[in-house]
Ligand SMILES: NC(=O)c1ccc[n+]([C@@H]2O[C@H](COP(=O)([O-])OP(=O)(O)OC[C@H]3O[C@@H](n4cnc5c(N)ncnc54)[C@H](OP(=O)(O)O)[C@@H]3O)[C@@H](O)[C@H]2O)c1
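This document starts with one chain, in the form predicted alone, laid out as structure tokens.
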């Protein structure tokens, strides 16, 4: 499925984007990484080249439609039109709702929602011609609320809605759409978060134990190969989402209990 395909991965310089790029390159794909930081992109490129993969890198800001549109024109001219777009670029902000400024919500929405929307808009003409695929990386936090993630959940819920609707529009055009909803896994983003996250957030998120990134990559690619729309990596995570959908009251009870054990009364 992936051999010889041009696969664009936003947020491809680190985390899940880079790990996925390595696996796809090992399977014979031509991986095209997009991220803002040029130094990180070059480091990622070198990592993939060490395993003998074919890789190209482009610096761009997905939150700016002009920037990402120009980047896809360069990709077509220098590498070729993309067959698959994987939207992995994202940022994570955590904190008490009453302490978070509105600007933080806008920042997260600009990257996690509009960054994906902009990338799809820019890539879509090529993807349609190639009967390709769009893979949007959302989160379990796009399927259920999480303490301290009012910014993050808002952006990921919006992304789930976009992807659900997009699937119906793209199917008659021969474009497959996938929605990936991982739970937390070991990555630079979560390592940085651990220095400042609230105790309630840590207790709530770790209701689902942190996964290793290899499981996330393996289950994501397997889901794409099987043609699944909703891909939830990790067996326990899948069971949790199933329970949340069919027994929401129990899920809220368990979540409330875990939060109550560490709750900090801030006298709002």
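A quick note: this is a predicted structure, and the numbers were derived from the prediction, not measured. Numbering follows the first chain given and starts at 1.
The form predicted in complex with this ligand exists for this protein as well; it is not shown, and the discussion that follows is about that form.
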Between the options 152, 126, 113, 147, which residue brings a heavy atom to within 4.5 Å of this ligand in the model of the complex? 152
Select, from the options 74-82, 87-95, 169-177, 126-134, the stretch whose residues sit within 4.5 angstroms of this ligand in the model of the complex by heavy atom distance. 87-95
Looking in the model of the complex, is this ligand within 4.5 angstroms of a heavy atom from every one of 208, 232 and 255? no
Interface membership of residue 29, this ligand in the model of the complex, 4.5 Å heavy atom rule: no
I'd like to check something about residue 46: if you look in the model of the complex, is any of its heavy atoms closer than or equal to 4.5 Å to a heavy atom of this ligand? no
Is residue 101 one of the residues lying within 4.5 Å of this ligand in the model of the complex, judged by heavy atom distances? no
Even though this ligand is not shown here, does residue 63 get within 4.5 Å of it in the model of the complex, heavy atoms only? yes
Stretch 131-164 - residues with a heavy atom within 4.5 Å of this ligand in the model of the complex: 137, 138, 139, 152, 156
